[in-house]
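Just the one chain here, laid out as structure tokens, in the form predicted on its own.
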Amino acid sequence: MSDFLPILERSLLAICLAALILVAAALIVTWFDIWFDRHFALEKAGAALSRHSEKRFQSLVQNSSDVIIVVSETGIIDYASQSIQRLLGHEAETWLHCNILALVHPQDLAQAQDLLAKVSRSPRAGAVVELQIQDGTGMWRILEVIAHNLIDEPTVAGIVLTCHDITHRKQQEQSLRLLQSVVMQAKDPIIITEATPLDLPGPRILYVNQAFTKITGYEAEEALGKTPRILQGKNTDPEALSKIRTALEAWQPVVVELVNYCKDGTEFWAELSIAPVANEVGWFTHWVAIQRNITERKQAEAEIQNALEQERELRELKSRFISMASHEFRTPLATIMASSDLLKSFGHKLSEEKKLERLNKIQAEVRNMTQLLEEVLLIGKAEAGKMQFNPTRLNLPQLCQDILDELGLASDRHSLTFEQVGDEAEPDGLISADEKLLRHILTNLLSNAIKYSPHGGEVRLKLQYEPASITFQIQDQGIGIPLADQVHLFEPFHRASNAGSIPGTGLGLAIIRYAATLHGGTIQFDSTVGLGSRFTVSIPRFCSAQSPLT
């Protein structure tokens, strides 16, 4: 009995071990079945996902705007996406098994060969290059080619070329370069500003070309960020600026002519052409201004205008001369003719006294005509700048008194007075002046004072010595000069509108002005109709023969 129990224990232990082994085996088989089923399911799902991804990738490649090409290391095309039809007008099948190098423009062949060689040397390497490839119409298109070495990738096994058409962009870049070159080399200043603000301080300058610097003196760095107002100054026409402002507010181009200023303050005339620049959606973004320097043209126009004005004045001068000559010569000639006819026909009946009276009349009229001709010749010399100036030492008080005495003999209705004020120039009363011209100045002014005071009155000559000059002042109580005639008073052959029948040539004051200018002096006047006139002539104390005629 004692032997039986150990045997039973061992049997039970063996049975338990066997049961455990069976259970473990069952569990292992069950776990393997589960793993196998799961693994098979994952592989099935992965395959389905791979097929889906491949289809999705193919769809992306085929619908891409870029062309995808797979080539060998030597350039043989193994694959070309269908987008080649849209981009280059070729069927993808026609490129298969062709060498990509045969499709490249000859001038880009070496660049394409270098691309393949460079990418082929190392896996996963990449490079970018621009190549020209001919499209279906025969036009060469510029492609940006991105190459990747995927030779070791089993699903690719080649060099992938991604080709993007940049023809339009390159054409724009070329046009931009050409435009930039034109702008940079343009002879006219070109300014590009912001579109706004239009109110002060105004749009800022964003660009200026080399011509801007050359003409204005402002370097680009000095102008950028400023406004075009840096070119304006005191003589810039406000009306032109207002015209520009009106055009800018309406976003309209405008062309004006105005005075602009260089950096150093020099003025120049500019023809300013301003136009707005819009972006692709029509929104105005900038102003472009082209300034053409028209200073020479303006100067030429001014010279032409001056020449036309001189021609007009010459015509008027001729007209006034003819009118004056016909009047001033007709009267003395008629008097001479009448007196000579009388002497010829009735001389034997006239007394000697009457004959002498007629002869004196003829001589007086001849003297008047001679004086008229002398004045015409003198004004001609003055206009031509040939009037002689010969200063000598003169006794002014004596000269003034002599002229008054001479004129007083011819007038008994006027009171002629002489006044001297101040210290004489020299102890002996002598100064340096041209006697002939000075006599002409005083004689004409005093004669006019007498002539245009038909009812008599006082005619006063005042000689005044000043520190640097000598002044002659002639004042009358005559008819005066109308305000409208005063601006033309010193023009040859011009006579005041209220002169009426008072004889005169209109040359005296013109000659006086030239004579005073030759002395380096001036002539001024003030006059009131009905009250009289006062003329003042000032000359330097010491005149020289080199005094200019201006």
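From 1 onward, residues are counted along the sequence shown. What you see is a predicted model, and the numbers here were worked out from it, not measured in a lab.
As for the form predicted in complex with adenosine-5'-triphosphate, it is not shown, yet the points below apply to it.
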Is it the case that Ile479, even though its partner is missing from this view, gets within 4.5 Å of adenosine-5'-triphosphate in the predicted complex, heavy atoms only?
yes
Does Gly508 reach adenosine-5'-triphosphate in the predicted complex if we count a contact as any heavy atom within 4.5 Å?
yes
Is the gap between Gly521 and adenosine-5'-triphosphate in the predicted complex 4.5 Å or less for some heavy atom pair?
no
Wondering, does Phe472 line up within 4.5 Å of adenosine-5'-triphosphate in the predicted complex on heavy atoms?
no
Would you mind picking the one in Thr162, Asn209, Gln291, Asn448 that has a heavy atom within 4.5 Å of adenosine-5'-triphosphate in the predicted complex?
Asn448
The single option of Asn444, Ser432, Ser81, Asn260 touching adenosine-5'-triphosphate in the predicted complex, heavy atom within 4.5 Å
Asn444
Since the partner is left out here, which residues of 482 to 509 would have a heavy atom within 4.5 Å of adenosine-5'-triphosphate in the predicted complex?
Leu489, His494, Arg495, Ala496, Ala499, Gly504, Thr505, Gly506, Leu507, Gly508, Leu509
